[in-house]
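First, one chain by itself in structure tokens, the form predicted alone.
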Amino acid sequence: MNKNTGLSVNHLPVLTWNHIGINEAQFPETELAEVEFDACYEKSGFGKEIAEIFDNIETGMGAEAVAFTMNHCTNPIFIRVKEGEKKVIEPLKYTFADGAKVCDVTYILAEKNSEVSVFQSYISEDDTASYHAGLTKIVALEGAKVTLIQTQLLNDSSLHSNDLGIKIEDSAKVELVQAELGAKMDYVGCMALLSGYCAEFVADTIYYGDEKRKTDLNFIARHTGKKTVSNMKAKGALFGETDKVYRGTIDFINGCKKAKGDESEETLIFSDKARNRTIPLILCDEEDVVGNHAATIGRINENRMFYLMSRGLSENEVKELVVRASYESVLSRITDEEIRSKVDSYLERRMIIE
């Protein structure tokens, strides 16, 4: 892929040296029929006046990705949970075969003091090259709680983008749980705006890279409300000649007094040919805040390896055990038995330790 082709996505909020190759990424476009997205509002019953709430929400992948996905949307989903309601939405399962091309747009509105859980999965059923561009926007009004769980198990020939924009108001909470484990090219962007008093955002993401896979992740927690809290975690394992970029940004805007943001990443590297770039970033325009970031990158501790092997495990078994253990915080949240079984089978098949 040429440097300047495709969609310009996953922009670092503050630019650094171009030669490092982390300021932005390029995700390929594909040929799809164009649609008039506004017409989807009436068909869904969501209502254009409500959907307009979502128009100005920024996403992690950026404006080009949003425009492309909306202009070529194949699957519009509108979820509204009314005040005080509690819902678990029927899982949104997307299966890819015969070179499928899917652009799904999901809007989730959680009204005051409501609760909703949404599950999205993307799984290949054959070895053909598929294309997926996903856009999910969430608005959590006062006191609402939204949980979004996503799993991605596309094959080695497929391209995948997962773009999220989130707005969280007073005392509301959004929790994002992600298993980004497949695809030849896997691009994820998430922008969470914590605009309300005591708003909270939690993200827990796992990723897996092997062979010549490309993984590009961009997470931004933007604090504008007072006493807001964000906690973004990512864990992954890299094999083969995989290339991975992780951008994690906590952005404290003037006026977000007493806000607190935490971000951390743990990366296990099992190959000398794997390439890892991690960019933890804290931007601060407010004095009365707390921001923490940490990154742990490297191989399994030799003492831990020796201890476990002395208990009868082989070197490969130890490595697999450690990788699965690091994934457990996410895997334990996948309660759909069919999807969990496919995730376990996928990992067992892919995890050839070098």
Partner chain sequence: MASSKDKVSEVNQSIYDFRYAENASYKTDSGLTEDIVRQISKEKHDPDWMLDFRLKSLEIYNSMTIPEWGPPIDGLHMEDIVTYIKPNTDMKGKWDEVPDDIKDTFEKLGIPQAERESLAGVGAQYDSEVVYHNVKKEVEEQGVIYTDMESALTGEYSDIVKEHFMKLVPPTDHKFAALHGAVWSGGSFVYVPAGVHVDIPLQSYFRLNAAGAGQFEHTLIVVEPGAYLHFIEGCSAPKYNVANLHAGCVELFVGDGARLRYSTIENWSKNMYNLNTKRATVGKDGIMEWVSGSFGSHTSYLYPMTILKGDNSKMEFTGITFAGKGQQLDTGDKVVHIGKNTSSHISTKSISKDGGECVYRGEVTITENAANSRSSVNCDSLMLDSISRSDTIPAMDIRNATSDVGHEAKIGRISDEAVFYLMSRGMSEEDAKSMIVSGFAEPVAKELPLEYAVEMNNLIKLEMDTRD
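Basically, rigid core = biggest C-alpha set you can superpose within 1.5 Å across the two forms. Since we're looking at a predicted model, the values are computed, not measured. Residue numbers count along the first chain shown, from 1.
What comes next is about the form predicted together with its partner chain, which does not appear here.
Specify the contacting stretch among 33-41, 283-291, 57-65, 310-318, defined as having any heavy atom within 4.5 Å of its partner chain in the predicted complex. Partner-contacting stretch among the options: 283-291.
Within 4.5 Å of its partner chain in the predicted complex, do K48, K87 and L331 each have at least one heavy atom? Not one of the three qualifies.
Just to confirm, K82 within 4.5 Å of its partner chain in the predicted complex by heavy atoms? No.
In the predicted complex, is there a heavy atom of its partner chain that lies within 4.5 Å of any heavy atom of N71, even though the partner is absent here? No.
Using a 4.5 Å heavy atom cut-off, state whether N18 contacts its partner chain in the predicted complex. The answer is yes: N18 has a heavy atom within 4.5 Å of its partner chain.
Report whether the minimum heavy atom distance between A274 and its partner chain in the predicted complex is within 4.5 Å. Yes - in the predicted complex, heavy atoms of A274 and its partner chain come within 4.5 Å of each other.
Which residue among K257, K112, K184, K101 has a heavy atom within 4.5 angstroms of its partner chain in the predicted complex? Only one option qualifies, and that one is K257.
The single option of Y207, Y107, Y131, F252 touching its partner chain in the predicted complex, heavy atom within 4.5 Å: Looking at Y207, Y107, Y131, F252 one by one, just F252 meets the 4.5 Å heavy-atom criterion.
Superpose the two forms on their rigid core, then report whether the C-alpha of E328 is displaced by 2 angstroms or more between the shown form and the other one. Shift at E328: below 2 Å after core fit.
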